[in-house]
Ligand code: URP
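Before any questions on how it binds or moves, here is one chain, the form predicted alone, in structure tokens.
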Amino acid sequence: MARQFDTIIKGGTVHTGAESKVADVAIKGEKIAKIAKNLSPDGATIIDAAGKLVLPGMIDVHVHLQLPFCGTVSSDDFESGTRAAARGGVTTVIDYATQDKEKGMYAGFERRMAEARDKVAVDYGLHGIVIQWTDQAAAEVKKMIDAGVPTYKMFMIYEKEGWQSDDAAMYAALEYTRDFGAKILVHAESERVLNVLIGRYVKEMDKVGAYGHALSRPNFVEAEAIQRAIMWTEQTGGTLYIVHMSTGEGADLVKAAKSRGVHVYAETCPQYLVLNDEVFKDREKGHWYATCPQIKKKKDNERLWKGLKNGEVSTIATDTCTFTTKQKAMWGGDFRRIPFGLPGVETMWPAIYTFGVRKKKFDVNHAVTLCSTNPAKLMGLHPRKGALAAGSDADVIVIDPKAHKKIDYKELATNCDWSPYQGMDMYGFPETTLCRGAVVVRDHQFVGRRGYGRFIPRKPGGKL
């Protein structure tokens, strides 16, 4: 006689975005079969979760693995990056496929799929990156949606690199994608003004060092661009998702737009919540922390935490883009040449659990909402992902709430020889991670396999 269940996670406190209860989670194949108290083992493999937290797998909707950028390639590839994700309790990541300038968006998607296939250790999706909004790009939107890609990123910066979308392109894309239920993801910084300020602080390079990166990017550089993107969204009726929002002013703008009924959502990242721009003043290591947009001030940390609690900021992601100290050293004392990016997918959930939940900024249910449920809903993955419910994928993490450790890059799975959170004491690392029913982390160690992860097609129209 066949077993009723393959695995039972027994006796833990199950936390979703909506509720908490002591229950068993039963898994059959790749799906959650039942959640109830005192389920009979009946030959199933038992994972003892007594006294522990049982949560849905986290979803990082913003990662850049093996990305050619700033004259190098990010050091976490699809294998090491997704192994690190599993160790941190992230069971689904969404990376990016850049539009091929000659062959189009779908060609870029196919190329990125080939790069990821057979490497990923957890499930994944892809956003499209639009670098030229043309008639051809518009014509490919339906084909991309049918392939499971309903979200498209546009950059308001990187003109020199050929990635920038101007106001006309953003307006056209927001208008065109509106009726498909697609979303336009925007990197919001005002580049022309930014370049003026960079030129100003370059003259003081020897004096300011890596702190010039922060001085040349005051908050209004992001805020003005967010305001502009919101204007085009409001006028077109499209849907805007602001990636890696770093400023308190940005949260204020999103709050006001939402109150007017504008379809705008925003994500922020742990580095904008936990760190501040004092890190750039370290003359030896300050350049390691350079991101784009950069880490801001303590007042921005506080406003973003408040925005997360109040619903003005909808999701937490990482913008993971890992560069080693050797790669960061390419700056040679010139803050314009620092490879922008931090490792982050492995420490996302521990950072939010430690500095959000344990510091009582919000409860664990709200943290799950921000890191799992909302990302799944907005990115067209729910209820397959981001839920603990019968029929959902068995993406589950088990956490001992008392267990903690000091962050040491040597003990992390990420392919990086430093961590922005080095020495910080963090809770929330899963002792067990399951992705579609398979144990990929056991006793905090990765036990999954390269290539297990599956591409998950996403649906358009997701909203909160």
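Throughout, we count residues from 1 along the sequence that is shown. The structure presented is a predicted model; accordingly, all values stated were derived computationally and were not measured.
Quick note: we don't show the form predicted together with this ligand, though the next part is all about it.
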Exercise. With this ligand left out here, work out from 364-372, 254-262, 148-156, 113-121 which stretch has heavy atoms within 4.5 Å of it in the predicted bound form.
Key: 148-156
Exercise. Answer for residue 321 alone: is it within 4.5 Å of this ligand in the predicted bound form, judged on heavy atom distances?
Key: yes
Quiz item: in the predicted bound form, does residue 187 have a heavy atom within 4.5 Å of this ligand?
Solution: yes
Quiz item: Does this ligand get within 4.5 angstroms of any non-hydrogen atom of residue 177 in the predicted bound form?
Solution: no
Quiz item: Looking at the partner-bound form in the predicted bound form, is residue 291 within 4.5 Å of this ligand by any heavy atom?
Solution: yes
Quiz prompt | Of 350, 380, 212, 341, the one that lies within 4.5 Å of this ligand in the predicted bound form (heavy atoms) | solution = 341
Quiz item: Looking at 297, 228, 244, 303, which is the one with a non-hydrogen atom within 4.5 Å of this ligand in the predicted bound form?
Solution: 244
Quiz item: Going through 26-56 from first to last, which residues have a non-hydrogen atom within 4.5 Å of this ligand in the predicted bound form?
Solution: none
